[in-house]
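The chain below stands alone and is given as structure tokens, in the form predicted alone.
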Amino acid sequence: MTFNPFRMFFPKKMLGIDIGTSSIKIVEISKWGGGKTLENYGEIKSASLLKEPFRTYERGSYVLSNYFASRAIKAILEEAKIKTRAAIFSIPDFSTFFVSFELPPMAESEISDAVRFNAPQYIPLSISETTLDWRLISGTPGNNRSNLKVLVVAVANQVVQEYQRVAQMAGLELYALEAEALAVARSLVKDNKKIICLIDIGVQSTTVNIVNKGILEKSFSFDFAGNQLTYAISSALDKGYNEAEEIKCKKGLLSKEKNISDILYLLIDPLLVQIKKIISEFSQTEGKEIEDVYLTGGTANLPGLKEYFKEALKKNIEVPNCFSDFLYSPILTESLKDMSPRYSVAVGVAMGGLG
């Protein structure tokens, strides 16, 4: 997370903003003493403003629609009557590069320089044009017998500048930017000490993360996306996108129409192959077993998906609720549980800003 180094205190209220491909989600949370409160939330879809997506990743380049994204953010803030202007934005997985590597024993004050010196060996980006962030995975700084293992996140400066422009145009005070994978791990894994495979299935891409005792150790991105399932149904049934999306969300893998369920299985199975490979390689290289699998992202609630993953992976599968530790009106309980997979990124970045 890239915080402004001149900040001395965290605010008591923070906005978490997730600019997705087809929608923008905002949560406002506060912290008073040891408790956290969900103050407000809002979402707007790109179809409400324009036909083009808020962000795209095509031919190796990242494009963020500054004008429409900032306009949408202001619309949400106005509609929800949100007054807080301190904000943290998430950066999508396809705009970040994750790598982990070992460093020799050293003091904590030396790690940042060592990361920057060693990163060019592992990151296919120009370091002078890149913002780096790192997390200590294992080892004890200052112990001459302890090697250190770090997880490094690299983001092109151009991407950082795009988000800075959006914040400025939306009238927000940007506190930080954070990779989606780190945010999701914070909002869903929390204090869980197990080794968890956290799968975030979004509209445009999927990220598979390994979280060990609350620490993100590995992150992998794939092209598999929830909208592929919708387009496949649309094509097979000769339906419009919105109607196909409704069919997908209501029936999913449990559809009694064989052509629908067969198409979905055909698209999901290659993703499962990749997940099995990641789990197996982690077990072989680290000598540890994945204990639970968490599903999140807009496709996590696809009917039948949780059960299918449980059968295929032979693991306990959960769709955790990112709002579970917050105070909120009881009347919102069911709605928030259903919304949770879509809001886990926004909640995670906001939590990071409250310390």
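What you see is a predicted model, and the numbers here were worked out from it, not measured in a lab. When you see a residue number, it is the position in the sequence shown, counting from 1.
Below, we refer to the form predicted together with a small molecule, which is not included among the displayed structures.
The stretch among 147-155, 221-229, 119-127, 77-85 whose residues place heavy atoms within 4.5 Å of the small molecule in the predicted bound form is 221-229. A heavy atom within 4.5 Å of the small molecule in the predicted bound form is found for exactly one of Thr131, Ser234, Gln204, Ser100: Gln204. When the small molecule is considered in the predicted bound form, Ser65 lies well away from it, no heavy atom lying within 4.5 Å. Using a 4.5 angstroms limit between non-hydrogen atoms, Ile26 is distant from the small molecule in the predicted bound form. The closest non-hydrogen atom of Gly297 lies within 4.5 Å of the small molecule in the predicted bound form. Interface residue remark: Pro303 is counted as part of the site for the small molecule in the predicted bound form, having a heavy atom within 4.5 Å.
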